[in-house]
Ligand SMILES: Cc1cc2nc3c(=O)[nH]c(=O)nc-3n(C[C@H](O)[C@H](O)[C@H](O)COP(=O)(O)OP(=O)(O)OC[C@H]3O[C@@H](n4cnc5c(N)ncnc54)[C@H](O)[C@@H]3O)c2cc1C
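A single chain comes next, written as structure tokens; it is the form predicted alone.
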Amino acid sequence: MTVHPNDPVLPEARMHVVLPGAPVVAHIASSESCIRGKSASFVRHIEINLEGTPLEGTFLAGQSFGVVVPGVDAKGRPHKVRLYSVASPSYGEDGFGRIISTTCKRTIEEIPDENDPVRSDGHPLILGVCSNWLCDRSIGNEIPVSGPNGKRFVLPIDHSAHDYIFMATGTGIAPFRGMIHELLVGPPVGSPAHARWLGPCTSKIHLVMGAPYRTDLLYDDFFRTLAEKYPQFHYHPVISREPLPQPGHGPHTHHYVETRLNFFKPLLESNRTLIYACGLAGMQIGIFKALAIAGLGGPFLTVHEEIAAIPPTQWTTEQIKRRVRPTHRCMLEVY
């Protein structure tokens, strides 16, 4: 991978302290709705108490942990591990690393039957096994946990050496809640982590948060409060499905950045800037293409020679998936 000026120096992340085949028993510390008002989605902020387990104090903001649902699937096999992004800072919700959190959306889907009208099962409702089980847990309930997972989607050791563009869709906001808490809010007073904290990071921090509707903006009050308090933090909620004053609907995250290049260009041209993107698989396609078309992809993208001579406006989705890779200054976490 190409090395660029001011590539971030990342901390050494601990990995696989607890394996999915032998998860430890943690407990639900709290579970609260993330949704403000009415929404078609059901999303919860869930805190998990790791105290007394080998996982206590092991997680960095941006990593993920595994949940292994008890029991077996429809074929009689043990349930597979499901990974969830940590939504807490590296010092945990408590400042001791004992309590981590995640942002969990209930998976509720209906299998359409319009292509097969003679199907005997109609249009069954499919409930995500782990997401609904996790959201159903109450305070004190046991939860089998493994991890940590991931070593690259983390903040650099020297927070102040870089500026940041965070781009999220849906529950992809989870790692950025933890990272921004770590950059600006800091650990609780009296905790061991607070004694080591250097205070709010003065670097430029931009959060571009995409959601279908305003009611789907997760942790919206938290980010708005921080944007009012810290001038170095800029919060950009991007709503894609609500009607605009003119015909049409709103933009997606990469469209938002693309249409405001005059604003973001100085940041993207700076050798201090890091890009982090988290959300549904495929969101990177638009981000990569927008950066390349604007001529700003050099520090953030590695383009294979096979398509290097092709104008980025003509890149296909398949070419971007196969022939464009992020550099060390572009962190990607999609699912």
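Numbering starts at 1 and runs along the sequence shown. This one's a predicted model, so the numbers in the text were calculated from it and none came from an experiment.
Beyond the structure shown, there is the form predicted together with the named molecule, which is absent from this document and is the topic of what follows.
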Does each of 221, 227 and 240 have at least one heavy atom within 4.5 Å of the named molecule in the model of the complex?
no
Quick check for you: of 261-269, 88-96, 155-163, 101-109, which stretch puts a non-hydrogen atom within 4.5 Å of the named molecule in the model of the complex?
101-109
To verify the annotation, which of these, 82, 181, 254, 236, has a non-hydrogen atom within 4.5 Å of the named molecule in the model of the complex?
82
Give a yes or no for residue 126: in the model of the complex, does one of its heavy atoms lie within 4.5 Å of a heavy atom belonging to the named molecule?
yes
Please determine whether residue 130 contacts the named molecule in the model of the complex, using a 4.5 Å cut-off between heavy atoms.
yes
Can any non-hydrogen atom of residue 64 be found within 4.5 angstroms of the named molecule in the model of the complex?
yes
Just checking whether residue 169 would be counted as a contact of the named molecule in the model of the complex - the rule being heavy atoms within 4.5 angstroms.
no
Looking in the model of the complex, the residues of 306-335 with a heavy atom no more than 4.5 Å from the named molecule, listed in order, are 333, 335
